[in-house]
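As a starting point, one isolated chain is supplied in structure tokens, in the form predicted alone.
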Amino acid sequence: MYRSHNCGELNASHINTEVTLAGWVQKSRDKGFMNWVDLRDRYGITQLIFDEGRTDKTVFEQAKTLGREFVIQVKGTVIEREAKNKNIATGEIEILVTELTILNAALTPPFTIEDETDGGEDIRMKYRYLDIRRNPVKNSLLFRHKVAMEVRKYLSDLDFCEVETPYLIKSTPEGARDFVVPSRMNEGQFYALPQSPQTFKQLLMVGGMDKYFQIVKCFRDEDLRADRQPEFTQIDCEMAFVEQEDILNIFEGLTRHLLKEIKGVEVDKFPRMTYEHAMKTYGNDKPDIRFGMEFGELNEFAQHKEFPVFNAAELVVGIAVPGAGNYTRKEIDALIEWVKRPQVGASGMVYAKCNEDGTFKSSVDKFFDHDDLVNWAKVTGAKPGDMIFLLSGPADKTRAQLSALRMELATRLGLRNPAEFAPLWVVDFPLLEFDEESGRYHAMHHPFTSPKPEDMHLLDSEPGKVRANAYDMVLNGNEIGGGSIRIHDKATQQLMFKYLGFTEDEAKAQFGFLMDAFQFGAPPHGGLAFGLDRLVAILGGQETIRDFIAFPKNNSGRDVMIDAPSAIDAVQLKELHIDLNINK
């Protein structure tokens, strides 16, 4: 065998034990008559010692040839270490080496394999297999494994059954672009990679599986960012004979379980917040409730004065920023420039300082008196020493702009503590949303989401007001999961397709297999999916998901390590009946 122990388990109780270790050379320190080597594997580091007076001469000289990241095997005796290192588990001992075998020499790595490396992100992505040797990445992958195991344990204990669903499926419209796969045996036809196993998990409910889950890869061809990858992993779940409250209770339990087992945090409250309230109070449907700064709508107290910017606006809305009353003019101007960036898109910003003596100083004192500003403070909840920031314009756009400002200020003020966890459910989403470009309604979630029964009568007259039996789990300002009660009868599903603009033939071509299944006794069912990558990153206290994925893509969707995507040769293209016609 290559090793009797790993590099993280030996301690003083093993002194005088003969051992065999294998791993990578972290570093070596040659003092001429003495040579120390740090040997590393996944489990830790053990110090090796080669002593001119005690080590075989051939072995001693061989040790001097070791370079960083050489793979070696050693045999020797565990001895007490003179200069003990309390920072590592093996710091009380070292191995007096008697035999050394170089299993594989190594080139000098392009960056240091240490916690604090000198390698930039691009070079580390190119040599990802080396980056994984570093503790931050290795520990992130082990952390992900721990979370996944706890998920499987929790759901299996509740009698969920893990079922695999296909990766080569039919292309169906689900909101993002599909990745498509040409079929060699079916000329001119294509599979699609699943954006989610949505229809399959519904079919499993028709099949009587009752409680299904799967930790599954999903694929979406969309623009990327720090928390998005073209291939990502979902904790996908579905249940039969359930209502919304059943699902919310089970997955509150899962979230509580993960927070307790992974982070040692007890969470009692899972507030329920309607979509409408979230948008009006926080400007988005995934509010971070670890801090306040709730929106105050100020039309009543800001319009009908002589300030045309507010008078012309659909919405005037503000937030009170705690302790910001001492911001300098330079700091305020910098924030005004921040909201005017294209990414935010505001045309300007109004502010009002709430002085400690109860007076106010605003950027619009010419138009508003003390009583007006008192009302601004009441509506936004501002206290002496705070600052009120106001934006105005079209309602939806302005709320989104103020939401971005709220999150930026919370980050600057240190209010987004990664060790604090504030989950909530957002419920009662709109069933449909109108798309100006296409001139028709689209499903806010997906076409299989059930409308609230009490809102069905609005489908013809006011479709935008129909609420969905849908819900999102939000954690620390991030949507970590979402789902819905599904439509389970053919008539309602056909009606839904009609309102989404599908002709009968289009609906049959795309989803005929599902509607056919509904005719064979489909039970009421519903479910949700958690984004595993994002959930793990939040539990790990990070903003980006990349370090929790073994081999991630970059922002262009490329794997720079294996150089993918890449061209394929003419023979393969011919077999696939594909003729490239690329305009350059």
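Throughout, we count residues from 1 along the sequence that is shown. Because the structure is a prediction, the values reported are computed rather than measured.
What comes next is about the form predicted together with a further copy of the same chain, which does not appear here.
Could you tell me which one of Lys361, Lys305, Lys170, Lys260 places a heavy atom within 4.5 Å of a further copy of the same chain in the model of the complex?
Looking at Lys361, Lys305, Lys170, Lys260 one by one, just Lys170 meets the 4.5 Å heavy-atom criterion.
Sort through 363-371, 455-463, 415-423, 216-224 and report the only stretch with a non-hydrogen atom within 4.5 Å of a further copy of the same chain in the model of the complex.
Of the options, only 216-224 has residues within 4.5 Å of the partner.
Is there a heavy atom of Arg558 no more than 4.5 Å from a heavy atom of a further copy of the same chain in the model of the complex?
Yes, Arg558 sits close enough to a further copy of the same chain in the model of the complex that at least one of its heavy atoms falls within 4.5 Å.
Taking 4.5 angstroms as the cut-off for heavy atoms, does Tyr191 touch a further copy of the same chain in the model of the complex?
Taking the distances in the model of the complex, the answer for Tyr191 is yes, it comes within 4.5 Å of a further copy of the same chain.
Taking 4.5 angstroms as the cut-off for heavy atoms, does Thr281 touch a further copy of the same chain in the model of the complex?
Close contact is absent here: in the model of the complex, Thr281 is far from a further copy of the same chain, nothing within 4.5 Å, heavy atoms only.
Can you work out whether Pro182 and a further copy of the same chain are in contact in the model of the complex, taking contact to mean some heavy atom pair no more than 4.5 Å apart?
Because a heavy atom of Pro182 falls inside 4.5 Å of a further copy of the same chain in the model of the complex, the answer is yes.
Enumerate the residues of 124-144 that have a non-hydrogen atom within 4.5 Å of a further copy of the same chain in the model of the complex, in sequence order, or give none.
Going through 124-144 in order - heavy atoms within 4.5 Å of a further copy of the same chain in the model of the complex - the hits are Tyr127, Tyr129, Leu130, Ile132, Arg133, Lys138, Leu141, Leu142, Arg144.
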